[in-house]
Ligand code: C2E
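The chain that follows stands alone, in the form predicted on its own, written as structure tokens.
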């Protein structure tokens, strides 16, 4: 054997010595079994992490986990190792001294002769300090406001819970957002740069409000929009007593509202922006990090609902209400398929107390809950889009009833009024949908009256004009519901093909004694008369109300004075009784 051949030949003993030297590199190295239990580490591992070999051998890799990677990250890492045999990437490990460092980790699977994984070999290198700082900033700071972002907030909130558990002191999470519509208007009218400038100024004002040690974090949950308008304030070391801690948190929240309500100078533009705050207290680990953010979020939603610069504290009743709402929403999704909806009918009478029609009112008869009030489920139906199939069913059921009543002389002349949702009316194929229903049911269109609200008209007057004239050409009538409430305009009284105006119950309730209600009711009746429209008043409950309306020439009435909303059998019984009355 020549010299070159001898150099190429390495004995088993030499291989062991070479492997030992290779293992003791400047990179941290470790060997685990197939279950991830550490079997061996090198000196560089000890130097970098601070752990002696005896402290880690026999323990799992999770000893080094920092908590900055979630379960999904680790599952994907192990899956890649199982499928491909190797994995590498940037990780954050917590060393023995508690500090967290960025590393580049490479893991490789070692397989036996049978192809089964017997060991894993890992080596890692510290990312240099400058690069680590840059990575940390990008991972945990918001680049616009330079505040901690959501990831760092979660880490600090977890630490705050642990600290609270040790000290017994309360903490608080303040979840706030700006007036979203105002921010959107600013971005749309003056450009994103001014919107960003506003957020930066908000961040600076928040930093001036809270004392040192509080954490302010910006949450960008609306990923479709650049930036974000939501912030979280984490307050620690509050009082041992909950009432006093709540007062301390409220004091900070009030100060936040005060400073954020002051005008902003944005490139010469004086701008004002409202803020809403939701607050929840914590003490120890009674709630999880995610649970606290959800509680503060629920309080924030309540603050938004209250309008203005709302401030609301979380109450367990809010969570109960949310759970109930979610359960109701789940039931609502099945209600139509299970035939739980019914139409109820409330009589409409003329000046001579003769029943001339009815309003069809949707009711949900739940097998366990009983009769669910419309105010409880209609907003959910609107929010989820279920109002479209539900509204279609109600329209079909009303038209089928018109057809059924047409077979009987006593009911063939009744008009049936049906309410539409805004979403239903805005459907591009709504007119065709109504035509199809009329054709399928055989209902006389002249017996159908659609009630439209001011909001569905004003949002797109041209679209409303086109659709209403198309339906009018079929013979369908229209009643303007809630005129004088919310978005009302005299202009569409002349443009739209209306037949009737309905006086809202809130103006009827104060009659005849409330001067303002009396003026409004008289004005509506006079305007309708001038335009050739009939008038119906809803919510009529007393003879005095009816007498006042009649004295000013109101044409029709609807309310408990005559009949409450009735099921179909009850309504038809009521009709027979009305016919027999003198």
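Numbering follows the first chain given and starts at 1. Bear in mind the structure is a predicted one, so any value in this text is a computation, not a measurement.
Below: the form predicted in complex with this ligand, not depicted.
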Subject >> Residues 420, 451 and 481 all lining this ligand in the predicted complex, heavy atom within 4.5 Å >> reply: yes
Original post:
Of these, 547-555, 57-65, 534-542, 30-38, which stretch puts a heavy atom within 4.5 angstroms of this ligand in the predicted complex?
Top reply: 534-542
**OP:** Using the partner position in the predicted complex, report whether residue 505 sits within 4.5 Å of this ligand, counting heavy atoms only.
**Re:** yes
Subject >> Contact label in the predicted complex: residue 374 to this ligand, heavy atom within 4.5 Å >> reply: yes
Subject >> Residue contact check: residue 495 to this ligand in the predicted complex, 4.5 Å heavy atom >> reply: no
Original post:
Contact between residue 266 and this ligand in the predicted complex at 4.5 Å, heavy atoms?
Top reply: no
Original post:
Which residue, 295, 149, 424, 401, has a heavy atom that falls within 4.5 Å of this ligand in the predicted complex?
Top reply: 424
Subject >> Contact residue in the predicted complex, chosen from 397, 141, 378, 461 - any heavy atom within 4.5 Å of this ligand >> reply: 378
Original post:
Which residues in 345-368 have a heavy atom within 4.5 Å of this ligand in the predicted complex?
Top reply: 346, 359, 360, 361, 362, 363
